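Listed next as C-alpha cells is one chain, alone, in the form predicted alone.
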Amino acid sequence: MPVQLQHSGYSAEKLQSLTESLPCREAQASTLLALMGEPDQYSYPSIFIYGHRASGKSYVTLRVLKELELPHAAVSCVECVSPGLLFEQVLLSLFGHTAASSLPRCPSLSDFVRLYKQLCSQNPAKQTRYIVLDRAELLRDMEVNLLPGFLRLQELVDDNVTVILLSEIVWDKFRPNTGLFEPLLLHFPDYTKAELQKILARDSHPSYPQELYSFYINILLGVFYSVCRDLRELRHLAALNFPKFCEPLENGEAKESDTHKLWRNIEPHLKKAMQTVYLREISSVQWEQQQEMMEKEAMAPKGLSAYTHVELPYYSKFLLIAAYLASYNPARTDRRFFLKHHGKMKKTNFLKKHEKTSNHLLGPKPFPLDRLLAIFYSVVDSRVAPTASVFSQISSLVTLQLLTLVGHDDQLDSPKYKCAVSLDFICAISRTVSFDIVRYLYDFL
C-alpha cells in the first residue's frame, strides 16, 4: 500500500490526490514537502534534486507544485541558451509579461536581481515562490556568477523564494574551487523492477483486462530490464508492441488464458525491438511497416535477394559493383568500358563462339584481385588510396557471402573471387550511389 502524504499546511483532499498521482515516489514527495515547509513560511534558499534519467525528478517536483497550487516558474536550461532567456522565463511565470519586457536587451545577473527586487516590493510574496531549473548542469557553462547567484537568490532579492535545481549528475560536479552556498540534497533512486511493473501496468488498454496487460508488462520487463531502466523508453516500447501481442487474440488463434502461446508470439518481436532501444531513427509507424515487410520477406522463398535490406559502407558498394562487372563481363571488354580513349570497338569484333550465350545465363566467372581493384578505381567517383581499409572491406564482403573466394589455396599471391549476388540486388545497390550499372554490362549492349 502507498504511504499517504501528510502535511499540516495543505488539505487532506489535495494530499490524497497527490499520493495517487505519484506511484512509487511517495517517500521522495514526502521529503520534498518537509523541505518546503508551510506555504507562508520562508523555505530553504535552494534544493538540489538529482537522479538518473526518467527517475521522476521533474514529474514529482512539478506535480507537487501544481497540485498544491504554489506559485512557481519551471524553466528548462536546454531551451534557455542564454542567461537573458532564463531571466525572462522566470519573470514571465512569476510576475507576468509586463515584468519580463522590462528587462534590458542583454541583462546581467545584477539587472535580474534589481528588477526582481523591485517587483517583489510592489507584489510581496504571500506564499513561497519556487523557481525550478531543469537540466541545471548546463548552468555551469553559462556566466560564472549565475549558479552561485541562483543558489542564494533568496538573500539577494530579500524575498520568500526557493530555487530547485534538477540534474542527472551529483552535486560534487557542480561545486567550484571558489565555493558557493550549499543547497539541500535530495536523491531520486532508479525504479526497481517491481516499481516499473506497477507503474507501467497503470497504462492498461481499455479493451483488455488489467491482468492481461500486467502479464504483458511482465514479459516486456523480462526482455528489456537488463538493458533499459528508463521509464519513458519502456512505456514507449510497451505501447509500440502491445498490438502485436494481441494479434493471436484478435485472430482467434489463442485465448487470454493461453499465456505460453502469447509469449511465443511476442518474444521474437521484442527481441527485434531491442535493437531500437534509446534510438529514434524511425517513427513508430515506420517501425510497424518495417515489421510487416519483414514478415512478408520471411514467408517468401529465401535466396540471395534476402540480402537486399543490408546497408553497406560507401566504398564496399563500389567494390561489390566492380566485382559484379568483373564476374559478368569478359576481361577483354574492360578496355571498352573503363578507358576513355579506347577507339572504336564493335561487339561482333570480339565475340567468340562460346560467348554468344548471355554471361548472366552462364553464371559468374572468377576474376583475380588486381582486376577487381582496377575496375574499382575506375568506377569510384573519388580518388581512393589502396589502403588496408579497402582490402578489409573485400574480406567483409566475403564474410557476408556477397563475394566467394575461389582458388586461393593454389595461388596465394593472387586470390580469385566470384560475385554471388543477383542482378536485382546489384541494381538496387547501384541506385543508392547513383551509378548506372547497366551501361557497363556487356550483355546489355
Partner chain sequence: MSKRKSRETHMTSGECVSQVQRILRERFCHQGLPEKPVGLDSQYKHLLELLKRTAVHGESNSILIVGPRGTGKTMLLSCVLRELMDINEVQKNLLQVYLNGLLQTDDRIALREITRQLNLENVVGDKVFGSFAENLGFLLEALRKGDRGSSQPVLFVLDEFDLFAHHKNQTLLYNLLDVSQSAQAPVAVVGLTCRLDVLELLEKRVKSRFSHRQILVASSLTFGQYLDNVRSQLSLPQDFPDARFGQEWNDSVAKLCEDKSVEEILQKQFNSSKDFRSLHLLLLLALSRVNVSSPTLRAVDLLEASRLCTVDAKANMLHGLSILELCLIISMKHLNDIYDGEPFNFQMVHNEYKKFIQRKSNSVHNYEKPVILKAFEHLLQLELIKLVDGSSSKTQREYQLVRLLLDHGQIMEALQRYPQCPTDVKQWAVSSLA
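What we label the rigid core is the largest C-alpha set whose atoms superpose within 1.5 Å from one form to the other. Numbering follows the first chain given and starts at 1. Owing to the predicted nature of the structure, the values given are computational and were not obtained by experimental measurement.
One more form of this protein, predicted together with the partner chain, exists but is not displayed; see below.
The stretch in contact with the partner chain in the model of the complex, judged by heavy atoms within 4.5 Å, is 110-118, chosen from 249-257, 110-118, 329-337, 371-379. Distance criterion of 4.5 Å from any heavy atom to the partner chain in the model of the complex singles out Ser226 from the list Asn218, Thr98, Asn123, Ser226. When the partner chain is considered in the model of the complex, only one residue from Gln127, Gln197, Ser93, Gln154 comes within 4.5 Å through any heavy atom, namely Gln154.
Shown alone here, Asp40 lies within 4.5 Å of the partner chain in the model of the complex, counting heavy atoms only.
Contact annotation for Leu405: at least one heavy atom lies within 4.5 Å of the partner chain in the model of the complex. For Pro71, no non-hydrogen atom is located within 4.5 Å of the partner chain in the model of the complex, even though that partner is not displayed. Although the partner is absent here, Ser207 sits far enough away that none of its heavy atoms falls within 4.5 Å of the partner chain in the model of the complex.
Taking a 4.5 Å heavy atom cutoff to the partner chain in the model of the complex, the contacting residues in 29-56 are Ala34, Leu35, Met36, Gly37, Glu38, Asp40, Gln41, Tyr42, Ser43, Tyr44, Pro45, Tyr50, Gly51, His52, Arg53.
If you fit the rigid core between the shown form and the other one, you'll see the Cα of Tyr10 move by less than 2 angstroms. Superposition on the rigid core between the shown form and the other one places the CA atom of Pro183 less than 2 Å from its counterpart. When two forms of a protein are overlaid on their rigid core, residues whose CA moves 2 Å or more are considered shifted, and Leu32 is not one of them between the shown form and the other one.
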